[in-house]
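Encoded as structure tokens, the following chain is the form predicted on its own, with no partner shown.
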Amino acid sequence: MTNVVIEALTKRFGAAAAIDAFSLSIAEGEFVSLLGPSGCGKSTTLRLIAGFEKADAGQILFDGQDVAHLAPEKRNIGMVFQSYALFPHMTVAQNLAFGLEMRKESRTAIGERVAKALAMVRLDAEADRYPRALSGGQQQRVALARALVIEPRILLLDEPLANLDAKLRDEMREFIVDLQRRVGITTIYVTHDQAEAMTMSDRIVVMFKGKVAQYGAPRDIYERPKGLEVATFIGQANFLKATVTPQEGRLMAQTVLGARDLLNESGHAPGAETSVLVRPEALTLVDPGEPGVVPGVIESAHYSGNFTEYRLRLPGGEMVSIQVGGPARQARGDAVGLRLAPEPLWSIELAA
């Protein structure tokens, strides 16, 4: 296993900085995802780590060794591309053997390592088949095995699930995570899919415009985003106006839905106005006649199969989204009650 440290990495294409003073530290054996919108620099960062692009400035350290100026083949990385990039004229076993042959391994060693890699991805029976005879999921597993058979220091994956259908993507998420845990290899994974990043990663790098907006565990990024841009990019977000009020030595956020503890008290003074993040799952739809609930009016209802998303207007005119399991039971114009979960709230400063 290898630790990876990236320091002030910069890459320009003409006058534009695709990657701008990007810094990151990845522990041995970690699964880290680079997450962000199209054009934010995720794939460019991965290509810089792999050596397919040359950095204009900064360092890329593998176990303390700066590899930023080494050729890709000198970095000992395993790479899985979105297109898989399998050799169509070679069998599965030959695809896996190719990298070992380039390293001039013995025929015996190649045979043993190919067999081990195929067993690892559960494709022993497909060794003599060609890529065109395999399903998309099988091709992806061949690409993973080919990347791992050379025993790389780190594994890099560039949106490897993008070409698969939804059901197969879900299956392959579990397969990749299980494989990575079994192998124990440091892994960097590029995706624009939030669900992939949230379910697969030990930590997530949220990127915007070539910079790190936030780096942390999935739960921290979802529940405690550093700023409006991250909060709105990750999941559904409601923002409620709040007044900071003191109570028994702590600060509370007083909202139209009630008062809750304020998680990030620093920088807030009693009486200050702020906004707090409320995720849809923190809201419950109840009978408007129940005591202590806030009344609301449904503006829209959209059924998505396993849940219905409602948009509600609150007494002060604020709008919130809430997700309720199952089909829609209320319609536009219905009066409902709304209850906020008792958990503390996270303050987010909105643009003026």
Partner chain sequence: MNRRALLILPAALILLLLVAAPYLNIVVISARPTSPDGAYGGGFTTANYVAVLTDAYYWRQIGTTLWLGLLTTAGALLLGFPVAWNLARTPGRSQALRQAIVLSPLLVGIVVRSYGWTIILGNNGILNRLARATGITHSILPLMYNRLGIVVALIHVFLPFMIMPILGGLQNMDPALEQAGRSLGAAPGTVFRRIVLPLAMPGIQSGCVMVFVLSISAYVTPVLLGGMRVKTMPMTVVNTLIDSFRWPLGAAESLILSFLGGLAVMVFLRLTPMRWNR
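Here the structure is a predicted model, which is why all the values come from computation and not from measurement. Positions refer to the first chain, counted from 1.
Absent from the display: the form predicted together with the partner chain. The rest refers to it.
Using a 4.5 angstroms threshold between heavy atoms, residue 263 stays clear of the partner chain in the predicted bound form.
Within 4.5 Å of some heavy atom of the partner chain in the predicted bound form lies at least one heavy atom of residue 88.
Under a 4.5 angstroms non-hydrogen atom cutoff, the partner chain in the predicted bound form has residue 132 among its neighbouring residues.
Remark: residue 73 counts among the residues lining the partner chain in the predicted bound form, judged by a heavy atom distance of 4.5 Å or less.
This chain is displayed alone, yet in the predicted bound form one of 112, 202, 101, 193 has a heavy atom within 4.5 Å of the partner chain; that residue is 101. Just one of 77, 197, 206, 276 comes within 4.5 Å of the partner chain in the predicted bound form, counting any heavy atom, and that one is 77. Comment: 89 to 97 is the region of 117 to 125, 89 to 97, 221 to 229, 278 to 286 lying near the partner chain in the predicted bound form, near meaning a non-hydrogen atom within 4.5 Å.
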